[in-house]
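Listed next as structure tokens is one chain, alone, in the form predicted alone.
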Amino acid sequence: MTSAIPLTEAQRTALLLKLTVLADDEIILAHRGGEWTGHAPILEEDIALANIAQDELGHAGLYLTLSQHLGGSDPDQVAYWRGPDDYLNTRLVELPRGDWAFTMLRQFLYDTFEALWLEAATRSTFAPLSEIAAKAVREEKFHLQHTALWVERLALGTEESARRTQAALNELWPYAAQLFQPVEGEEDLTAAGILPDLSAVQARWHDLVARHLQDKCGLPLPATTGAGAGRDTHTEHLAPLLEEMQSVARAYPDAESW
């Protein structure tokens, strides 16, 4: 890992929190994507979504490895030995997988955010973060191309697929705002050029998703917005997800490899 500019203690604390937030979103969304393995509409998509989920998990690994470098935490402990009260993912990613339209719409909203955030993070003044972003952004743009095409196909397909895609958008839209909630201390990191300007990322995100969903796919954006409670507040769906995801690690705590 390339040496970096020294961080103040406050910057290090805030960056560790941000890396946890980013990793938690990736881990939980990867699990939801993995739930489609063996159940996707066609074989090619079964493989494609499994690969996307694996990539998201890989991005989480990059963030957790940097956290380990900065703060000494163990990535496996962070992923498999925290409960729902400690996870800081958005409620957007923990919602049950729903139907195919729901899954593709959620992935599209998330992929747009992540691709834009990573692109901006490649210009970070903190070299280890800019290196991570450079590794991940190319994959994320492929994810975005894939899910954008699926949303378009569903929205412009049959009357039933359009109805389901609009229903998914109506349900997911208010949750998406939480992607842009800053963590404590993020403003200072942004001022130092370490993190992207989240408000600028949000403006680009809104412009891109509106042009795709409204103008290209004919899906009206819901009027309701708002992130609501913070990332420490979860739905009833996170606890059973973690119970399943962590079951092997907790059943065999002394295992040296999985």
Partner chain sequence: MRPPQVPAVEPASHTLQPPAIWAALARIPDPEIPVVSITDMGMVRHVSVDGGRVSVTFTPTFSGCPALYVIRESIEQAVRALGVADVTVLSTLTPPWTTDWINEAARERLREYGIAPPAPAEPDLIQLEAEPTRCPRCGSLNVRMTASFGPTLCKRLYVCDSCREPFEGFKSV
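Being a predicted model, the structure only gives us computed values, none of them experimental. Positions refer to the first chain, counted from 1.
The following text describes the form predicted in complex with the partner chain, which does not appear among the structures shown.
Student: When the partner chain is placed as it is in the predicted bound form, which of 190-198, 45-53, 228-236, 27-35 ends up with heavy atoms within 4.5 Å of it?
Tutor: Contact criterion met by 45-53 only.
Student: Does Gly58 make contact with the partner chain in the predicted bound form, using a 4.5 Å heavy atom cut-off?
Tutor: Yes - in the predicted bound form, heavy atoms of Gly58 and the partner chain come within 4.5 Å of each other.
Student: Spell out, yes or no, whether the shortest heavy atom distance between Ala115 and the partner chain in the predicted bound form is within 4.5 Å.
Tutor: The answer is yes: Ala115 has a heavy atom within 4.5 Å of the partner chain.
Student: Decide whether Glu119 counts as a contact residue for the partner chain in the predicted bound form under a heavy atom distance cut-off of 4.5 Å.
Tutor: Flag for Glu119 set to yes.
Student: Residue-level question: is Cys217 within 4.5 Å of the partner chain in the predicted bound form, judged on heavy atoms?
Tutor: Looking in the predicted bound form, residue contacts with the partner chain do not include Cys217, since no heavy atom lies within 4.5 Å.
Student: Have a look at Ala155, Val183, Leu144, Leu172 for me and say which one sits with a heavy atom within 4.5 Å of the partner chain in the predicted bound form.
Tutor: Only one listed residue qualifies here, and that residue is Leu144.
Student: Among Ile132, Leu92, Leu88, Ala101, which has at least one heavy atom within 4.5 Å of the partner chain in the predicted bound form?
Tutor: Here the answer is residue option Ile132.
Student: Checking a candidate spot here: are Leu62, Arg138 and His212 all in contact with the partner chain in the predicted bound form (at least one heavy atom each within 4.5 Å)?
Tutor: All of them do, each having a heavy atom within 4.5 Å of the partner.
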